[in-house]
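Only one chain comes next, encoded as structure tokens, the form predicted on its own.
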Amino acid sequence: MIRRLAIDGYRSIRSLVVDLGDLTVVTGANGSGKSNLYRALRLLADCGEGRIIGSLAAVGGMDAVRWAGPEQGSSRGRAVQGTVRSGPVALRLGVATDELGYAIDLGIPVAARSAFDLDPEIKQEHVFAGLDPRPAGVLVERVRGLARMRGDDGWQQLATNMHPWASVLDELAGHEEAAELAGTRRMLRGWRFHDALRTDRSAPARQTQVATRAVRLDDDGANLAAVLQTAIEAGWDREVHAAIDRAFPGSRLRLPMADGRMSVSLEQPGLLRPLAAPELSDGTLQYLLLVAALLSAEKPSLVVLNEPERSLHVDLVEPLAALVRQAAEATQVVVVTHQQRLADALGGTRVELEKHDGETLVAGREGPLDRPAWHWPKR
């Protein structure tokens, strides 16, 4: 269970540390920085997949994502005078459970010019015990090319010449004595994100799909029918049908098959035939996609939903909230939303963001002493 998230130097986030619960709702006005918190979580997941450098290069490198405001940050309503930067450019991301945490520090390359100038460098990585990367709790430390681990007899060297684009999670996770690296990578790889579920006329979920078991929903929802059928056969039939009945009373899900392919349809009261996937409204299809995402046969450690209320009629807000709360009993869920009604219906741990002088802050938090403990390792 992810308990703490730390972001430093990313877009509108100069420095942010928040605690997460079993169900966390991130809210705030448009432009307050909700999407940046969501993207930062995705970048952390990319660390587990060895994609962090490529993901940052794809959006323009460090210059496109780094904090652009003054180093001292917002003064909540008082104008902040810009100054010449005295410290190094850094993008730092960290996450922690009760037992294990991970922090990465990325910066601008200092080597000779290259065709890959958009690639940032990994300056530091730390795997640590507990909720705060204090020096005493560090288990694995990577500083530039040197990686080492803490053992019973002190520090043990793992690598001496790591490339600046290579992560310890990718390069050294198989080290027989550094089980913490494999555990950290497994944690980050277990997260799922849903923000690109398509419901347009050409959406993959409206097409027939190959009938093969699927334990998790594709990013675009292409395997919707297979995920729902797999969940039903895995023993989640009652939950799937109850979620649909809450949203569309009296309706029944159908998953017709023909020639090794399957699709989604919905029987609704008063209609003489089921409505096939191409006939479903955008809101109905969006809700079915969310049912598949949250009730799939595979239960991930974390599911993050970005504005799941898109395309949904207001009458579907309560059924959606009930679906999310039910999923949070087995899986940690983070919901990013600007709809107050959905946020209120969800309950859970609330993180309300606001923006002052261009900086994303947590509402009601007056100063650094009000935020959870987090000590970034110094370069």
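The model shown is predicted, which means the values in this text are computed figures rather than measured ones. Residues carry their position along the shown sequence, with the first being 1.
One more form of this protein, predicted together with a small molecule, exists but is not displayed; see below.
Participant: Find out whether any non-hydrogen atom of residue 65 is located within 4.5 angstroms of the small molecule in the predicted complex, and reply yes or no.
Facilitator: Yes, contact at 4.5 Å.
Participant: Report whether the minimum heavy atom distance between residue 35 and the small molecule in the predicted complex is within 4.5 Å.
Facilitator: Yes, residue 35 is a contact residue.
Participant: Answer with yes or no whether residue 12 is in contact with the small molecule in the predicted complex, where contact means some heavy atom within 4.5 Å.
Facilitator: Residue 12: contacts the small molecule in the predicted complex.
Participant: Is there a heavy atom of residue 170 lying 4.5 Å or less from a heavy atom of the small molecule in the predicted complex?
Facilitator: No, residue 170 is distant from the partner.
Participant: From the list 218, 119, 141, 307, which entry has a heavy atom within 4.5 Å of the small molecule in the predicted complex?
Facilitator: Exactly one listed residue reaches within 4.5 Å, namely 307.
Participant: With the small molecule left out of view, which of 322, 330, 58, 29 would have a heavy atom within 4.5 Å of it in the predicted complex?
Facilitator: Flagged contact: 29.
Participant: Any idea which of 341-349, 50-58, 36-44, 322-330 reaches within 4.5 Å of the small molecule in the predicted complex, heavy atoms considered?
Facilitator: That would be 36-44.
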